[in-house]
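As structure tokens, one chain now follows by itself in the form predicted on its own.
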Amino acid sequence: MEKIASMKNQKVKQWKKLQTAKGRKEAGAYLIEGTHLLKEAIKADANILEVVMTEAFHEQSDLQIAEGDIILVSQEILASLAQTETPQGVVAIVQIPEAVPILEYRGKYILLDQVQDPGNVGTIIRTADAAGYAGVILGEGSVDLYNDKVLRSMQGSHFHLPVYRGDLQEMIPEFKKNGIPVYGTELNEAAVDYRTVSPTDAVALVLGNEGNGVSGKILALTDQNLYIPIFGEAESLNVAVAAGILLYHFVG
């Protein structure tokens, strides 16, 4: 079992680069932190490249990991890799899977147009997973899927359902071509109350940026745009809350 004690070790320097989107892209890998995400990765048979933990964590861990795959590090090194205030003592480096196209345009999808808050994106993906959706598409301008806050919010849901990146202007016509209705979200007189639309076995829901909503060029491509009624004085709903309402409405 390899042991690393120096912050200047080359491996430590490479691991720390995974804390940035640029570093993740260059390495084709990302960091996960904590026992829960590591167990989810193991269960999903993800390609785990290295498991890094403190000696104290190793002594009490029940994780089923071969000794040869474990690298023991100092508490200082682990703390520099972890991005929570009270790290559990373990992180892992996971290979980013090769991007694949949507093979079948069927079932229910949620499309995110420039949604930039990591907590919102992670929560939406986790909710789509819970609601049994076929996949999530991150449009251009949306936050990196492997951002640490997105990962914590997803709680491993990216291991359970496909998350794609793509140009929504190209993908929306594909959904329509395959007979899947595409609904945008906006607050204006052209939109209809989501409750007037019946649940369906196949749907594509588009939600947009926290401040600006779905862009006009995307809204122009949809079959119909929906709104969620607001009965109090709030100006709008949080995008993840809105997603939860719409996701489960279309489950029927």
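Computed from a prediction, not measured in an experiment: that's the story for all the values here. So that there is no doubt, residue numbering starts at 1 and follows the sequence shown.
Below, we refer to the form predicted together with a further copy of the same chain, which is not included among the displayed structures.
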Quick one: find which of 106-114, 175-183, 128-136, 71-79 has residues within 4.5 Å of a further copy of the same chain in the predicted complex by heavy atom distance. 128-136
Check all three, H36, I230 and G244, heavy atom within 4.5 Å of a further copy of the same chain in the predicted complex: yes
Hey, in the predicted complex, does A21 get a heavy atom within 4.5 angstroms of a further copy of the same chain? no
Can you tell me if A240 lies within 4.5 angstroms of a further copy of the same chain in the predicted complex, counting non-hydrogen atoms only? yes
is_contact(S157, a further copy of the same chain) in the predicted complex, heavy atom dist at most 4.5 Å: yes
Whether V251 contacts a further copy of the same chain in the predicted complex should be assessed with a 4.5 Å heavy atom distance threshold; does it? yes
Which residues in 186-213 have a heavy atom within 4.5 Å of a further copy of the same chain in the predicted complex? Y194, R195
